[in-house]
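Here you get one chain, nothing else, as structure tokens; it is the form predicted on its own.
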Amino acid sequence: MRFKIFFSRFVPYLLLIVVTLPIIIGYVWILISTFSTRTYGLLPVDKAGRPGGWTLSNWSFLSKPEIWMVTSNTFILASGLTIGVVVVSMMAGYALSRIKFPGRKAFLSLTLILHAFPTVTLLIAIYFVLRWISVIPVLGRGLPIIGGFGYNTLGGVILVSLALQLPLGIWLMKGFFDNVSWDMERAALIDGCSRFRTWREVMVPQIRPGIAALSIFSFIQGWGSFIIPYSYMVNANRATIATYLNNLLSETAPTNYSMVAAVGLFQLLPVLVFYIFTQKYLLSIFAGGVKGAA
């Protein structure tokens, strides 16, 4: 009996260790590589191949202005995506959860279909849309900070990322609204509250964990986004950390993989810290956002 209890407790931990060990080794290698001249597996070595070779030169990129420019662009992209996804998803999720209108189920089905499309299949179509937006005065180009919503602008990348992220956000918010009791909403409406006031003052406070979870998830997605910024921002001064990291991998010149690891760790650190302190909110997506009924 004791053996059975010990076995039932030991096996899950053993499987967890086996599954996560490659990931842990990968993180350890990145950490060691960023502070060494070269690595032989997990062993840091100098140029002659002897053990040692510890150095801080791989972090010299922090003294360059372009790294802080791309970090600023990445933060603007992640923040704009987060605000857009949360605001639109809250409004759309509430309408789809509480209001019966013609085409509601068809709209829900279409959002799932859009989410099912891989991003790469839409790249060419999105390119032509952004080029069309670019010719619109002010809106296409000329806005401060984001540059506009056309091709080769930070705002255009935010707009595309927002469109691709919204289907998931809408379904998650709908699931959280579905879990809120109708009694509170009916009481507010009977007392004379408008639909908008009911949504803002009664419903939104009830789904704060869901809002926090969606915000965190969207920010992490925006911070690590690569394919959309790489495809629709060609100027170096509009790059993000992910595209800056990709530019360090040259096909003609030797690649300094230790510096690549340092830049990768620089990009990863804010996400790791962010996730450590907010993981309980992120996990609430799966607790509340999947229970909504159409």
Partner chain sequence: MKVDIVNLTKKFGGIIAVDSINLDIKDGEFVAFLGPSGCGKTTTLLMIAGIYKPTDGDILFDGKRVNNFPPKDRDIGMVFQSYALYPHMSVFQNLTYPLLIKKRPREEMKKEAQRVADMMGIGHLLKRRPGQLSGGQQQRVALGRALIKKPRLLLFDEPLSNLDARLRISMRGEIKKLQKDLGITSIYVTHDQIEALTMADRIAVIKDGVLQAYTDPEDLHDRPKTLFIAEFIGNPPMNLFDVEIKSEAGRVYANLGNGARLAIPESRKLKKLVEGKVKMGIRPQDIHAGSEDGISTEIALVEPMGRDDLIVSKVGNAEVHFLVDPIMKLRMGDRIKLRFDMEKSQFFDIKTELSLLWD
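It should be emphasised that the depicted structure is a prediction, and the values quoted were computed from it without experimental measurement. Residue numbers count along the first chain shown, from 1.
We do not show the form predicted in complex with the partner chain, though everything after this point is about it.
Counting any heavy atom within 4.5 Å as contact, can you tell me which stretch out of 141 to 149, 120 to 128, 177 to 185, 85 to 93 lines the partner chain in the predicted complex?
It is 177 to 185 that comes within 4.5 Å of the partner.
Inset, instruction - Using a 4.5 Å heavy atom cut-off, state whether Val202 contacts the partner chain in the predicted complex. - result: The answer is yes: Val202 has a heavy atom within 4.5 Å of the partner chain.
Could you tell me if Lys105 has a non-hydrogen atom within 4.5 Å of the partner chain in the predicted complex? No.
(message) Against the partner chain in the predicted complex, would Ile190 count as a contact residue? Criterion: heavy atoms within 4.5 Å.
(response) So Ile190 counts as contacting the partner chain.
message: Against the partner chain in the predicted complex, would Gln206 count as a contact residue? Criterion: heavy atoms within 4.5 Å.
response: The answer is yes: Gln206 has a heavy atom within 4.5 Å of the partner chain.
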